[in-house]
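First, one chain by itself in structure tokens, the form predicted alone.
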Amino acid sequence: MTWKTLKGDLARLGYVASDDLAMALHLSVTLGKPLLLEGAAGVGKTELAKVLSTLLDTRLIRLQCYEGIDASAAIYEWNYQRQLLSIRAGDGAAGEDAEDRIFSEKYLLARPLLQAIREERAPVLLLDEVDRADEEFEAYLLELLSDFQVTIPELGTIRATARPHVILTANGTRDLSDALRRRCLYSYVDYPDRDTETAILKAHMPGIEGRLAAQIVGVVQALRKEELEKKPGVAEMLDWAAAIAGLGINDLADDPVTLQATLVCLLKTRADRDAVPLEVQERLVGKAA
């Protein structure tokens, strides 16, 4: 499969990727290297992992990162309740024998990272918003990202049955370490240009009329240039387009009041809603027409 073939396959599944992104994903898959995607929220980083799992017909394993996440939530932990019950019940074992018994596979709870390397068929492993976790958690990831293995002190090193396709996403919450970046290929995912976003809209709503599609994309692109706390992403654009189609709106200028109500799909904070009153909306629609 060439990178151009991959780009076409993604497009058929509704994901319109730039040449740079398609090449980065192609190299990640063919070289077996993790791919780090950076960019603003809503530009399609997470969606790419979902589409890749569909394209490869394989399982998607997702780890949503957050502040304070640790190995017990991401890699593994022991089922302490079952271990305690086993100790209380006893079976005649003592000392090292008892320790070997309770620290065995029977009592191991596999979390997403361990699950990913134990799959018989290579899954897509999505480490979503990795920059929300702290540097200590990044250290846990390094062994997986470089050697595709996990070390459990009581059991030893568990190596990947099939090397997972790893995609990491980051929104710029904090700088990631050089050690993590060195282990990954990299691509910056920006908001799409007008032609690309129109292609995305038509891929998801093939029956949409050309002028309405141009208006929708034009307004969303103009909104991103306004002083907003949270700029609308591609997913919000698609939600808005679906809402407009569901309401039977054929021209954004026809019913400004109804259109204003639909902006709940695009503007997700009170400050942003206040920043786009009816007169600003009409200005944006006028420019997009």
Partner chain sequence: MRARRFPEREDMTRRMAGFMAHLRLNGWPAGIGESADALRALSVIDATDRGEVREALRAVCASGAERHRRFDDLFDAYWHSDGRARQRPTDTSARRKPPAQMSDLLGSLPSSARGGVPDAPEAAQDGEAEGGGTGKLVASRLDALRRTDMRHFSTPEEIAAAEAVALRLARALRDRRSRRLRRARAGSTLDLRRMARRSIAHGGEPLELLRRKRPDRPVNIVALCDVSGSMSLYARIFLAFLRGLMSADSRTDVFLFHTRLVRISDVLRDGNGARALEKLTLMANGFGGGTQIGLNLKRFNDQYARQAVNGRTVLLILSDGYDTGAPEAIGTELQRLKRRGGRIVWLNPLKDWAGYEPVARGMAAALPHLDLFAAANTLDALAALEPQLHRI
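Positions refer to the first chain, counted from 1. Quick caveat, the model's predicted, so the values are computed rather than measured.
Heads up, the form predicted in complex with the partner chain isn't pictured, but that's what we're talking about next.
For the candidate spot formed by Glu105, Met205 and Ile208, no residue has a non-hydrogen atom within 4.5 angstroms of the partner chain in the model of the complex.
The partner chain is not shown here, and in the model of the complex it never comes within 4.5 Å of any heavy atom of Ala11. In the model of the complex, at least one heavy atom of Leu27 sits within 4.5 Å of a heavy atom of the partner chain.
Proximity of Arg182 to the partner chain in the model of the complex: non-hydrogen atoms within 4.5 Å are present. Taking non-hydrogen atoms only, Pro256 never approaches the partner chain to within 4.5 angstroms in the model of the complex. The partner is absent here; in the model of the complex, the one residue of Ala162, Ile87, Leu142, Leu109 having a heavy atom within 4.5 Å of the partner chain is Ile87. Only one segment in the set 120-128, 168-176, 196-204, 211-219 has residues whose heavy atoms sit within 4.5 Å of the partner chain in the model of the complex; it is 168-176. Within 4.5 angstroms of the partner chain in the model of the complex, the stretch 28-53 places a non-hydrogen atom from each of Thr30, Leu31, Lys33, Glu38, taken in sequence order.
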